[in-house]
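Just one chain follows, in the form predicted alone, and it is written as structure tokens.
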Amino acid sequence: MYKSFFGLKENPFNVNPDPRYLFLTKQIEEALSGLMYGVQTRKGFITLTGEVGTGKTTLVNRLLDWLHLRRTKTAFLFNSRMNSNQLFDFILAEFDIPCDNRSKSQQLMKLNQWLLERYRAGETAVLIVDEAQNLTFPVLEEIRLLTNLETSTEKLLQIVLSGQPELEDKLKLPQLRQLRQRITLRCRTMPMTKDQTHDYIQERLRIAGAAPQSGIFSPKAMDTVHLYSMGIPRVINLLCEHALINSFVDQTPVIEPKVIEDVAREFQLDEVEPIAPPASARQDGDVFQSEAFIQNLGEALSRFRMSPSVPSSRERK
């Protein structure tokens, strides 16, 4: 739509997690290096956390590209709203491990045998779970138990849990202390500084085919992008994409702050911050997402209905 007008070969601000557009800030480089190091040295459990839109999925895709070049066996679970039985189904399917038996013990034996074969062949197996903050306590406990699949010296399965800051909050709970103690590396993504926002916008324009120093966004416009996005890459993409569309419609070759302000108001970024409030200000709903809670609630209600000692409303009167 606007590509020829601005001299671009492709859309520079698509929200798809394209690894080509991964912008390596110091924090992103450290996170990527940490993930690579953790997998290479068979550290076992690694977490990747960061605010919504700070590039975790793009980072994971870059990691997957790197792993595939090394012929590493990978399982990527992007649907974290699953129960314990579904977890093993997904893992076996992703690793392409045949198992006709739906028994969890049989599935675990199949997985362990397959991991041992990979280990003896000098191969590494990596399980990556995206949006891990949504995992229930029972599923997290099953994932913890997977780290028991090991030789006397090394872990057979490398596990990466990627999620929002709520994942860190969840891992601090007493119920998950055993899992927390097994985490050997913690990697994080962070919002960008103002200078990084400038460089990020220019780099994405360059990759999309813009001429060097094209000046599509004025310096003050990029300052305004940072102001409303608070350095969150996904929000930067949103503001810049719609600014390009609006400027194309108006046939304005240079984007100024007012264009960004208009887009920010359209998406209510002048009213709602793109970053979640602190954990202390959020209502913790983890207990209500737990399989164990639902099961215990059902048992409690059954006992309540069957109990003869509970007086009726008439008796209480």
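No experiment lies behind these values; they were computed from the predicted model shown. Quick note: we count residues from 1 along the sequence shown, nothing fancier.
Just so you know, the form predicted together with a small molecule exists too; it's not on screen, but the next bit is about it.
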property	result
One stretch from 199-207, 112-120, 73-81, 139-147 that, in the predicted complex, holds residues within 4.5 Å of the small molecule by heavy atom	199-207
Interface membership of L63, the small molecule in the predicted complex, 4.5 Å heavy atom rule	no
Non-hydrogen atom contact M36 with the small molecule in the predicted complex at 4.5 angstroms	no
In the predicted complex, R234 touching the small molecule (heavy atom, 4.5 Å)	yes
Interface membership of M192, the small molecule in the predicted complex, 4.5 Å heavy atom rule	yes
Residue among L67, L269, V259, I28 with a heavy atom within 4.5 Å of the small molecule in the predicted complex	I28
